[in-house]
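Heads up, the chain below is alone and in the form predicted alone; it's given as structure tokens.
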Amino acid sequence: MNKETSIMDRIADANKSVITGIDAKDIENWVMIHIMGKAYEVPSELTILQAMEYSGYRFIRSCGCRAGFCGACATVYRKEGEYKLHGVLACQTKVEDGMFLVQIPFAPAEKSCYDITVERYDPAVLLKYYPEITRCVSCNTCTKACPQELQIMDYIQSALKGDFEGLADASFDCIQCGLCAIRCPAEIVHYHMAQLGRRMFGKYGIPEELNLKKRVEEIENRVYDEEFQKIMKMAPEDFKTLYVEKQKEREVY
């Protein structure tokens, strides 16, 4: 296989065995995995998601975007002979020989209801809605479970210290798959708490962008209506040409 080929290209190529019905004799390398305790032999280049489909599983849910951004395909597995439990996303993790895996289609977790427009920008708001964060024992199990490799324990500590910016920054890439909450011995719902923190920081902790405010006002006053109408009436090819020209202008600046 060409070493320059990207992993996504390899995955797409391997996916042919799922979507085209390629004959088994044309597949060179196989691995043995266990899904829900049952053994299956699958092509070695597949992702876990593809391997499950190859094995006959039909996804009605828990497949989402299929590109590693929505968190719907949270999966845990152990490898034969190993003690460690891994938390991954099935759509972006290749199968390995000896995997024993199961998907977690839903993580039951209480989500508090609140209105950030009436809440004070104060660290107490985090404890008001998610008091369980005080039970954190700093075991770092949440961080180890995160398929995004986020420093979850650190942002819990930021929350306890009232550091909204640190909390928002460290949790920004969270896709809310739920694996951290499932593994937490203190039963903290990290991702819901972090979402509250990001919302509070976004509304109260970041200075208002005056250019954005001005542009919104212009749109509300219908300053650009004429230009919008021109764009809406453009032929697809003309629109593509305009888009390319605008992109070139951005590169210049």
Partner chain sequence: MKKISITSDNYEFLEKVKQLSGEPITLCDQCGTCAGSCPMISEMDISPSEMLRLVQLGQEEVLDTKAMWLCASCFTCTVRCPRGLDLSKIAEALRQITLRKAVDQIDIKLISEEELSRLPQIALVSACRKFTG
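Numbering follows the first chain given and starts at 1. Computed from a predicted structure; not experimentally measured.
Only in words, not in the display: the form predicted in complex with its partner chain, which the text now covers.
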property	result
Candidate from C136, A168, A109, I175 lying within 4.5 Å of its partner chain in the predicted complex - any heavy atom	C136
Of I182, L150, V76, L127, the one that lies within 4.5 Å of its partner chain in the predicted complex (heavy atoms)	L127
Partner contact for L85 in the predicted complex: its partner chain, 4.5 angstroms, heavy atom	no
Contact flag, P105 vs its partner chain in the predicted complex, heavy atom cut 4.5 Å	no
Partner contact for E132 in the predicted complex: its partner chain, 4.5 angstroms, heavy atom	yes
Contact of I116 with its partner chain in the predicted complex (heavy atom, 4.5 Å)	no
